[in-house]
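First come two forms of one protein chain, each written alone as structure tokens, so that there is a structure 1 and a structure 2.
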Structure 1
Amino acid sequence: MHGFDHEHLESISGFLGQYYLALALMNAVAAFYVWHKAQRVWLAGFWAVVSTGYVMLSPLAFGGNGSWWMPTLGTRIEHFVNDMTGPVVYSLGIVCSLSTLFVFRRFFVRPVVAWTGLNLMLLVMGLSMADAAFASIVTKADNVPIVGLIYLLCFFTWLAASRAVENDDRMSRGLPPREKDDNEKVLVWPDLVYTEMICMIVLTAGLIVWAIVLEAPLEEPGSTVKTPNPSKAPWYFLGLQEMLVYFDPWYAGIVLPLTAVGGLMAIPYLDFNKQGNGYYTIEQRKFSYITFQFGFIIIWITLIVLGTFLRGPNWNFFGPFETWDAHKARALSNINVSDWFWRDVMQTSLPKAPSGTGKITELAYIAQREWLGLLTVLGYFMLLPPLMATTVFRKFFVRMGFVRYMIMSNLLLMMATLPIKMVLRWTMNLKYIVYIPEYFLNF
């Protein structure tokens, strides 16, 4: 493919030059802090070297010359990433890396490690911005908040996890959580009121700067006859739109989101664990921590990021450095469970009610046609809860009682339908488990 987009490099080089200077400043401050406050000279020296490295990158980026030392990832890496990534690698990659972060959280919450991680994220981001396709999608006005969201979530997840690890350590030594220490009452004026005022001022200033720097998007006047490709919902609903790849709208757009809202509301009534009330901890509430993180970070946020940055025309998947080409072809050969059973296994055609029969006969034929899928779904929702109650969730069932346990297990099973359907689609090209288009009931 062609080398560098010189027009793009010219337009972004000023920003990138300043960006690397900002990173240099950030690390210089860190070096000073480590040297001055923590008295760790070697570590301070290391961050000073990192800072110097960014200072040296800055003029190269300012130069913006693709054939002379412009800091980029390089086309080979970019092509490799494009070729490697797809919905499967993306989703599984995130699940694997987040699981690694969770299992080795004791290591990853250490400030040095976290700071290194932040530096790597920011560096890769800067290098990627030299790519025209990447920059155009990331700097799209409505996408900027999502970039911010990613960094904010990384930061706050780290903050919460590091406090949880600290508390878990303390509690394993028989000490109370940190929140209990140093807990005398203070007057809200001035201790809280001043914090709030500073927050308001910083926020107002930040919002005004953001508003001046970044213009709100306004495309051409709305026209109901000119459909844009891709047509995307507002960014916070793109996770739901991504689910439409795997489910029909009645499930992905209505039933799953309503269940998610109901499930969120039910959390305090289902979580019978009395520990972990009012302080950060992971050890004392591992199950609820993992479940919530799975629903929030993996299903909700990951799919939003996928739908925003990696889904282009016709909702096709595009690598982060790939130009959105409306003519990218995608082979579609997904099959339904009923097709598989009757055509491939039984080697006959699908059962079909003779024309002119009544409703009841028609339903009977549909039931015959879809029996395998219907049984699978019914079994999933009706057999699994009692099965789990006698095995993995035995303690839960005893503690929660029948009603609460049934609600919790069904909510969990509903949440699990999405990853299960995703895996089935990737591995077996499964389209629908139950396919009843006569009643719009495809699952």
Structure 2
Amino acid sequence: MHGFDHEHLESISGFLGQYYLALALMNAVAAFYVWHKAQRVWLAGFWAVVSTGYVMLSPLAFGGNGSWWMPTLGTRIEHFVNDMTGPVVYSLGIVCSLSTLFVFRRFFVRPVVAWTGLNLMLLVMGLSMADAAFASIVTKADNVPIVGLIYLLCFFTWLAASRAVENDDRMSRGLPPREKDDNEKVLVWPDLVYTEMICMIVLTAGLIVWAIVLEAPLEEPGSTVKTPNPSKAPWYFLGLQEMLVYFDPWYAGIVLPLTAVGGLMAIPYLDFNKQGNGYYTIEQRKFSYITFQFGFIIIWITLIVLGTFLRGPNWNFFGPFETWDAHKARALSNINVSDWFWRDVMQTSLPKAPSGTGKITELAYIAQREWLGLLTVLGYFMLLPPLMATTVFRKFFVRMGFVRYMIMSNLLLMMATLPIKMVLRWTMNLKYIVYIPEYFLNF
């Protein structure tokens, strides 16, 4: 069977058996907490049943050797996921999922719903580990911390959203935010110092255990004649590495990062909304919340996960359960806007300056060749800001003024160039809107 080889299942059966026992213990503790603290007997009984289910899965995993009783997702489901997973489906799925979570946030921040979602995520993770291809990527020493970071990001995003929803509901009833009720003075010494010292001891012990259990991800010495395939940057630079697929290095490696840093520095000077300072809220700062979540999670975190788990040899896109085959060939015919206009529409060759011509003549030929792309880029940055000022961003323009509004709108438009270019590459195989290799100016 695809992915379910006996050797892999024998090597991972012990881990999966302990994994399901840990999930059983986790839900047993949750059942006891709900019964003892919340006095909700029916809910405690439900989590006790879930704990029992994990206990039943554990011996199946311990004894699984590729037989029918081994807990797995099944080859049909895995093939379906691989067939459906692609850059477009992956990105649009993330956007639709986060949009749904935002619109129905009052439902999803409920502890019962969040705990159910966590159990589903952990269950799918355990069932997927029976696949050799999936396990080889997730259990790689470099990728294990990233898996943990994904769960931590989900938890803290949920925690912040739940606090914000609680405060929004309180303020809708005329009550102050929860943070205002906590006016207790806390001293640096001894309260803060003791807390920091305890955290330092716990983290140090955790790192020691981590270093003993998980081998250091050291590979063979570097060689100029043998390059790893795929050759990946550290996880925190994988977003930049993914950007290089869609933009030239000057834009992906310099302009976009500097714009992000400059935009973060400019936020205190651009923001006119004085609400929401010092407490969690979404209703009072919807624009800031949505912009940050889109820029951080949808663009940055999505690119890191994409580059870590779904980009394989030759930087090809692979499904979660697809074996990384270095011989996988994907025929791409990327085109530029100028190629499409002159060759496909005008049915002629691209304008090219005769050899030996001066700089002014060369620039004139370049402008003739790239006129459509240049007008598109100029129109994007020059026409959209005033159009937005008279429609969806009219309130922002009135309250911010011309200078602050233009800075804010152009920062947003520059951030939006990344998803726009990604969609154009995936759907239309568009490489560059403006292609001027004579001066290394491609966009």
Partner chain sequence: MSPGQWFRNSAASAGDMVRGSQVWKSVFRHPLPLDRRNRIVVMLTNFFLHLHPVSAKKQGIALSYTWCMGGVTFFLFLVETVTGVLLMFYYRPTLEWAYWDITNLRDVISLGILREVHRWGAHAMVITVWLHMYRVFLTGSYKPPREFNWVIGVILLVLTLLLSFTGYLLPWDQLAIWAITVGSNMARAHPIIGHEGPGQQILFVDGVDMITMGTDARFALLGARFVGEETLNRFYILHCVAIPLAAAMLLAIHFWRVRKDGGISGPL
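For residue numbers, the reference is structure 1: its sequence is counted from 1. Heads up, when I say rigid core I mean the largest set of C-alphas that superpose within 1.5 Å between the two forms. Note that the structure is predicted; figures quoted are calculated from it, not measured.
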Tell me which of the two structures is the form predicted in complex with the partner chain, please. 1
Do you see a C-alpha shift of 2 Å or more at L152 between the two structures, with the core held fixed? no
Tell me, please, whether between the two structures the C-alpha of E220 is shifted by 2 Å or more, with the rigid core used for superposition. no
Please check if I198 moves between the two structures, taking a CA shift of 2 Å or more relative to the superposed core as movement. yes
